[in-house]
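Before any questions on how it binds or moves, here is one chain, the form predicted alone, in structure tokens.
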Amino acid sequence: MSDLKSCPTVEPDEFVDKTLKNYPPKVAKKRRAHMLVRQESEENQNINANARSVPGIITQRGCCYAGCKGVVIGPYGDMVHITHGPIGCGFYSWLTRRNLFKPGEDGKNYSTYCFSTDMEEHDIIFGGEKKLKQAIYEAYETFKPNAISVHATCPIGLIGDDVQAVAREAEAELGVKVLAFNCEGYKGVSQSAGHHIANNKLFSEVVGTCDQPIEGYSVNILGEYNIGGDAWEIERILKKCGIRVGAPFSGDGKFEEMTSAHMASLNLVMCYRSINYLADMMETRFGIPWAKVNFIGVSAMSKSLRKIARFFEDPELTSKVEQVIQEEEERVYKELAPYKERLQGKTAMLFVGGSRAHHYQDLLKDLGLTPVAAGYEFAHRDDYEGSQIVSDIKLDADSRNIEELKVTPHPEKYRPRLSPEKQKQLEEEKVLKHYHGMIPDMPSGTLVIDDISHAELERLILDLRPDIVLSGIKDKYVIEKFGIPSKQIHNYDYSGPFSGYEGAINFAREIDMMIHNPAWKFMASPFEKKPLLTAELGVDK
């Protein structure tokens, strides 16, 4: 490993050229399409995304099963989630993402359990449908959950177990909802495929099955997974404003809340990539508009609250929202001041799975940090370039593996929340149905890299020398071996919350401690001190 402190910084264009020289020509051509240097003078910059990773390159991506079970469905704590496959895959169903959950009045909470059919060689040869059915029955008899989900892993797709048929039979006999997901890990190019599969099933079999009214100014929060208690901080602020959360998808979510989510007035989309499908389908089916929001960062939180107030357009609510913003910002900015002074001018890189690589840039700017490079693990082009380019994206073979539901307005439950004129006005104002993507928010001269590899990340650290990297567990310790602190944004290193006004204070405190920890100055690779092995040519003897 090179000495980080002695490495000169390089220009972004130089970094791209130097990095690509390390690849064979065909690989370099593919990777070049996934990299760009942000140029504010160029109105539309294109980047390739949602394409298969190059074989042999270490990627930070997950699989389709991880996206379905681990991200979207797993946070529902009053459900039993059964992984149908080998026990190695089952481990991922054991609270590995740290989605916090408070039981409802029924006291049901199964989020700390690991349910798996533990498929072994004998089951792979002779089939596992009987074993799956037995597992569903045992889970129901033992725990009496509000619903059960079944998640097929790679071997299940290969041997052909009909998990849908088993689920239908069990549901009819037990009288409890059993959702089966054909989310085999090899489907799609990343966990993004699992998000889509989960969205489709929740929409077609759960949302809209109960018509429990939701009173007042009501919203659903889509794509917020309550890592470290984020959802509770967001709900605290919304409640203070007089806004009621009908159903969260899916951090701290309850199954029953999800069934009547179509009764809310507005869908708020946080993680665009993981749940935009559901937002679009609910608007077509039930008439619920959606707005893209960001609750991470002081300025972003305030902007999102004003967007909600603009939708409801009630003077009393608007006044209350402005009052809450003033109270919270006055308190928070006062507490952030000493951290901002210490962090001013520091640089950061963000390589996180979904929208967080974009969302956290607002919070970094609130603290005086400058993002120098960012990218997603499993994004599509619209996550980078904005939702307006969706119609330009061509479907490839991998995308066609995921069913596209044909959605039409519900004959009885379709209820437009706005007049056509008002809907059009808010869309033109970009309050509704618009996500401008990450690239427009990136400072000029910064790097945008999709599906970054470990080799590229190491090169970035050596060349750009950031003060901190926000990433995930797969690369955290690789980064820290360079003497650079790395903050996990997938589970917050067991801290948080980082959303909302209070979350900004928590984040600032931790980033300040990490960057200014003197321990990083003493980090040195053993290769820099002395060679671990010595050898001589045999012919010299």
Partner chain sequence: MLDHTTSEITPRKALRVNPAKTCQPIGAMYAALGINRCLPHSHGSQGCCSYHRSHLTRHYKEPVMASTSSFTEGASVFGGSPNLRQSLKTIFQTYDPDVVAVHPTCLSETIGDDIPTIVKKASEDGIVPRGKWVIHASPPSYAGSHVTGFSNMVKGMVDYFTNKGEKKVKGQINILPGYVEPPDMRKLKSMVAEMGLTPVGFPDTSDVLDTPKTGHYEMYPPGGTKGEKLLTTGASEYTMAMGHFSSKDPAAHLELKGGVPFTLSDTPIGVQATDRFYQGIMEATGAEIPKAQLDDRGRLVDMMTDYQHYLYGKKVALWGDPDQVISLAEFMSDMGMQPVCIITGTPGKIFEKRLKAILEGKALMPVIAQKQDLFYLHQVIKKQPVDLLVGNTYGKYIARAEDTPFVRFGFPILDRAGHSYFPSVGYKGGIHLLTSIVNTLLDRQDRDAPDERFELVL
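Residue numbers count along the first chain shown, from 1. All of these numbers come straight from a predicted model, not from anything done at the bench.
Here the subject shifts to the form predicted together with its partner chain, a form of this protein not shown in this document.
Trainee: Using a 4.5 Å heavy atom cut-off, which stretch among 453 to 461, 168 to 176, 359 to 367, 308 to 316 contacts its partner chain in the predicted complex?
Mentor: Residues of 453 to 461 come within 4.5 Å of the partner.
Trainee: At 4.5 Å between heavy atoms, is residue 66 in contact with its partner chain in the predicted complex?
Mentor: Judged by the heavy-atom cut-off of 4.5 Å, residue 66 is in contact with its partner chain in the predicted complex.
Trainee: Going by a heavy atom distance of 4.5 Å, is residue 478 a contact of its partner chain in the predicted complex?
Mentor: Output for residue 478 is yes: heavy atoms within 4.5 Å of its partner chain.
Trainee: Would residue 215 sit within 4.5 Å of its partner chain in the predicted complex, counting heavy atoms only?
Mentor: Close contact is absent here: in the predicted complex, residue 215 is far from its partner chain, nothing within 4.5 Å, heavy atoms only.
Trainee: Given that its partner chain is not shown alongside this chain, does residue 86 nevertheless sit within 4.5 Å of it in the predicted complex, heavy atom to heavy atom?
Mentor: It does: once its partner chain is placed as it appears in the predicted complex, residue 86 has a heavy atom within 4.5 Å of it.
Trainee: Considering non-hydrogen atoms and a 4.5 Å limit, which listed residue (341, 403, 398, 256) is close to its partner chain in the predicted complex?
Mentor: Checking each option against its partner chain in the predicted complex, the one that comes within 4.5 Å is 398.
Trainee: So which of 205, 427, 329, 118 gets a non-hydrogen atom within 4.5 Å of its partner chain in the predicted complex?
Mentor: By the 4.5 Å criterion, the partner-contacting residue is 118.
Trainee: In the predicted complex, do 27, 134 and 159 all reach within 4.5 Å of its partner chain through at least one heavy atom apiece?
Mentor: Yes, the whole candidate spot contacts its partner chain.
Trainee: At a 4.5 angstroms cut-off on non-hydrogen atoms, which residues of 52 to 68 are near its partner chain in the predicted complex? List them in order.
Mentor: Heavy-atom contacts within 4.5 Å come from 52, 53, 54, 55, 56, 57, 58, 59, 60, 61, 62, 63, 65, 66.
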